[in-house]
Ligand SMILES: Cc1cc2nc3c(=O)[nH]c(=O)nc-3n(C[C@H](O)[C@H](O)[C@H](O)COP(=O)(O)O)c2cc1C
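The chain below stands alone, shown as structure tokens; this is the form predicted on its own.
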């Protein structure tokens, strides 16, 4: 690894300019995803996260689906910026789709009824952690990425196209590729307004 954990957390940013140029092998990308899914925590060790990795033509197909879905919603005279954004995502190397298996959540609700209302919330907590781990790991490998949310607009077509189980709920999409631009400076609110320490 070329970066330690702290540097990767600091350098992980939303990178919208990405290309199809390979940074590491597809096998290495798969290893990164598998490591994240295996080791990222979940409430009650539920392991409800599900991930789909789309590369090559499959990645392109996702953003074509998303573009055509949005074309039906966005007025034609206002569609150009949307099409440009979809093409920018498509210009990347791949996309990670994040899902949560709702059957796992429902089973936990039945097994632990006193926590019933919390399990969907905790499921999203775990999904967020998976997204962060994958995003940071891709940063370490030399990729840039962003996190997108075109669900539920594309849910049905995604499930149909890649034969995704009906019980998997789409949470987020993460297009990634070799960075072609650098992010701007990030402003930070004062830490003393965000952290309290008691000794």
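Residue numbers count along the first chain shown, from 1. Please read all numbers here as calculations on a predicted model, not as lab measurements.
The same protein also has a form predicted together with the named molecule, omitted here; what follows describes it.
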(message) Can you pick out, from 65, 147, 37, 137, the residue that has a heavy atom within 4.5 Å of the named molecule in the predicted complex?
(response) 147
(message) If the cut-off is 4.5 angstroms on heavy atoms, which of these, 182, 25, 14, 19, is the one near the named molecule in the predicted complex?
(response) 14
(request) Can you check 148 to 156, 25 to 33, 39 to 47, 162 to 170 and let me know which stretch has heavy atoms within 4.5 Å of the named molecule in the predicted complex? (result) 148 to 156
(message) Would you classify residue 186 as touching the named molecule in the predicted complex, given a 4.5 Å non-hydrogen atom cut-off?
(response) yes
